[in-house]
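In the block that follows, a single chain appears as structure tokens, in the form predicted alone.
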Amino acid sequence: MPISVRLDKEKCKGCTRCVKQCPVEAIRVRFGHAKILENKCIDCGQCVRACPQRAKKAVADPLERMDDFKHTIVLPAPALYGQFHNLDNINVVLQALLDMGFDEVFEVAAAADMISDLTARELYERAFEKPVISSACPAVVRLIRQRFPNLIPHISRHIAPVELAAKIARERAVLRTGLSDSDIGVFFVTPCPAKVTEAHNPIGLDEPVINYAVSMADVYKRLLPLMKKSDNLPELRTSGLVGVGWAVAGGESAPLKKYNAIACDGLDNVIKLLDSIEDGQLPEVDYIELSACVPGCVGGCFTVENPFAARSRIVRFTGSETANTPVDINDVHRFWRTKRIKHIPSTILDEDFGKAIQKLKQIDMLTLKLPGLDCGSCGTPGCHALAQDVILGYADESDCIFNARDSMDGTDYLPPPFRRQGTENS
């Protein structure tokens, strides 16, 4: 699957910092440059934040694609509202989006309101297998597909709020304008690269419902000169308190106070929690809200504001008066995935099961021979990852500096991250 985090080789110095920061071991450093393993990457953006050279970058779709359609709809993520200083009226942002050139706006927060309402109802009716894991963060869903396949049945059957917003907005626009579906362009203002990938390759839908996912930072720059405070702004906001709160960690689970709902943000914390759930250590939990970014979507790579300042603004909005939003959830099938989520292993040792088991044993044996320091000097995340690469033929046992120093002069040895293409071990 194509990913939305890319490497700029010209800027990369092979420092290995990204290798140590990647929570899914999707990066290797060889011959002075990092390499992102697409089959492992979940587009969390951790390497983008960690890279001191800014050699990792998150890539979104260009805003110029607006010209490809006769009618355009923009879907602002609730995290957008937290990017502006002294904003006291969400309608200011929504009107500015229309002034940018979009024909209509549909808030993702409004769709989040609907999903929150339906989730509470289904938890009351015990329609889910406990614990229910939110499907809102695509990076987390991809993590579960790779690393926690036993928890896949626990992922909520609901599509993400942005996908629901796109479906509703597109259906309404077709009926109102009389245009064909292909003439209507749906643009999502995304806070993170994982949602760019999800927009083009949805995990739970048969086909995409969003045409393009544009960077929140790019939209922010264009919105600033268009934002005007006025008492005469039309009432464009349709979202409620709950939907806007989805922008921050804890906002999604906040309305589920009658149930044992917990929220967790940051992939390292998410992985620890999923390990506990898989081990059956939290049997009393009803609902789990998980966010790859700290402190929620306001911490995504495409945001511009300090995430904690943005969180403070979102919290202020969720405590203010809001419009009354009619929520129609009678057609519940609209909220559900149309495609089953499947386990996709990040590494296939061998197509032959017997050979795969043999390689797994070799990996375990080689891991025991390595020092176990997980220093990253070999250009892999740790000793187990190096052992796996060696058995699969991607690396050599001598790439470990501690193993190599006994058989060669340490002054002549050059670790893999610092070699140049074609350089042989001394």
Partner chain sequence: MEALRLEFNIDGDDFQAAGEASSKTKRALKKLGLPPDTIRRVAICMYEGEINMVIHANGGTVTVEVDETAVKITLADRGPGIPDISSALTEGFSTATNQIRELGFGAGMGLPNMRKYCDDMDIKTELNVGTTVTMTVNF
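Only the largest set of C-alpha atoms that superpose within 1.5 Å between the two forms is called the rigid core. Remember, it's a predicted structure, so these values are computed and weren't measured experimentally. Positions refer to the first chain, counted from 1.
Another form exists, predicted in complex with the partner chain; not displayed. Remarks below refer to it.
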Select from the listed residues Val92, Leu236, Val294, Leu349 the one whose heavy atoms reach within 4.5 Å of the partner chain in the predicted complex. Leu349
Work out which of Asp103, Asp183, Glu278, Glu171 lies within 4.5 Å of the partner chain in the predicted complex, going by heavy atoms. Glu278
Using a 4.5 Å heavy atom cut-off, which stretch among 193-201, 278-286, 213-221, 109-117 contacts the partner chain in the predicted complex? 278-286
Can you tell me whether Asp396 touches the partner chain? I mean in the predicted complex, with a 4.5 angstroms heavy atom cut-off. no
Hey, in the predicted complex, does Val304 get a heavy atom within 4.5 angstroms of the partner chain? no
Is there any non-hydrogen atom of Arg147 lying within 4.5 Å of the partner chain in the predicted complex? yes
Can you tell me whether Tyr124 touches the partner chain? I mean in the predicted complex, with a 4.5 angstroms heavy atom cut-off. no
Residues in 348-382 that come within 4.5 Å of the partner chain in the predicted complex by at least one heavy atom, in order, are Ile348, Leu349, Phe353, Gly354, Ala356, Ile357, Leu360, Lys361, Asp364
Quick check on Leu63: with the core superposed, does its CA move 2 angstroms or more between this form and the one not shown? no
Once both forms sit on the same rigid core, is the C-alpha displacement of Leu37 at or above 2 Å between this form and the one not shown? no
Is Leu360 displaced by at least 2 Å at its C-alpha between this form and the one not shown when the rigid core is overlaid? yes
